[in-house]
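Only one chain comes next, encoded as structure tokens, the form predicted on its own.
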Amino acid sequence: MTERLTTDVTIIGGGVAGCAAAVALRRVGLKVVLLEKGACGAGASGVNFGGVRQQGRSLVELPLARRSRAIWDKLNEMLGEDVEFEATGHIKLARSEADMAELERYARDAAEHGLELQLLGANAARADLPWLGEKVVGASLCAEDGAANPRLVGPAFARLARRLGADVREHALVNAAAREGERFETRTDALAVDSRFLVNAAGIGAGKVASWFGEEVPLGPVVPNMLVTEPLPIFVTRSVGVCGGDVYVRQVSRGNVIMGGGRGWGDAELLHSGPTTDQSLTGMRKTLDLVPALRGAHIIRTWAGIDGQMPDRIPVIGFSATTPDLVHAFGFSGHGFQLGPVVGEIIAELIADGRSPSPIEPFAITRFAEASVLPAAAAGVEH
């Protein structure tokens, strides 16, 4: 027998953005039902590197990243839980003079958005991180940036949403949604939800949801390949990335070093993914060029997860172009973890006020209306 619910807002997707939206919507008094195909925070939101990073983003994302960074400072208090956020600083390494020139250009552009970056020559970079390899010729440091534990953030938002009165349903795969008059009906195998608003925050499945409303988007999978070592004495004191985004490294308080690079395998339809030996070995070799002190460390686990990627590497955020009261938030292209808290607030603003004070025009779904594929908008996008 099908259970039937009536609510103000139905959210498809229980990643950080979807769960943060549920929290923000409850705080403005709206009834919410959230439907997640698996466990909240267990998809791309929970298996990423954990970088809370402003540096290196597309310039059009920086206003959102700046607003989100302020939320991260008070996130433990908001959630009532420790999600292990630390502002360790994010240092981006240059392995060539061309890389260094790119970091210099980006620092000038980012300053116009209020993001202060410190440019370091090779000697200054090694003074900050004495374990760096010889291939590093310089770096850019964002002292405000850092990292958190991605396995904790999404579930913590989901628990808060429940405490605030949201109806959060896990293991509830949405198989249909349609607009009937001025309402939406969203269905799983066991549930039918009637709502005024619908939020599409379905991650890799968001393209299918958008297609139900006549919006075809070029959403493809991105499958970052990740590794973690045994606990080691603490020495990696920053979150580390590189120009080109093919290596990223950080060390947690327990001593494990988390690293990534390359792509694993993934099936977007079956929602299965995994690391590959070749990509893991290549990632380890590139990491050793930058962090020789990791030679001999034991890798204790590898993994991968599937995120949705757009051709221009920036997300879709905003109202549908075809369907009133449908809001999209997807396609974060492997770097949406830091943005999740603010995207939740933006979704609530769109639904409650009809607009957001944040500049979301660059993320409109209408940018894919023409057949041409847009060039990449992000500078050195990292997972």
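Don't overthink the numbering: it's just position in the shown sequence, from 1. Bear in mind that the values here come from a model prediction, so they are computed numbers and not experimental data.
Note that the form predicted in complex with a small molecule isn't included here; everything after this is about it.
Although the partner is absent here, Gly205 sits close enough that one of its heavy atoms falls within 4.5 Å of the small molecule in the model of the complex.
Under a 4.5 angstroms non-hydrogen atom cutoff, the small molecule in the model of the complex lacks Arg69 among its neighbouring residues. Residue contact with the small molecule in the model of the complex: Gly318 places no heavy atom within 4.5 Å of it. Interface residue remark: Leu271 is counted as part of the site for the small molecule in the model of the complex, having a heavy atom within 4.5 Å.
Look at 25-33, 47-55, 346-354, 319-327: in the model of the complex, residues with non-hydrogen atoms within 4.5 angstroms of the small molecule sit in 47-55. Put simply, of Ala158, Val240, Ile306, Cys243 only one has a heavy atom within 4.5 Å of the small molecule in the model of the complex, and it is Ile306.
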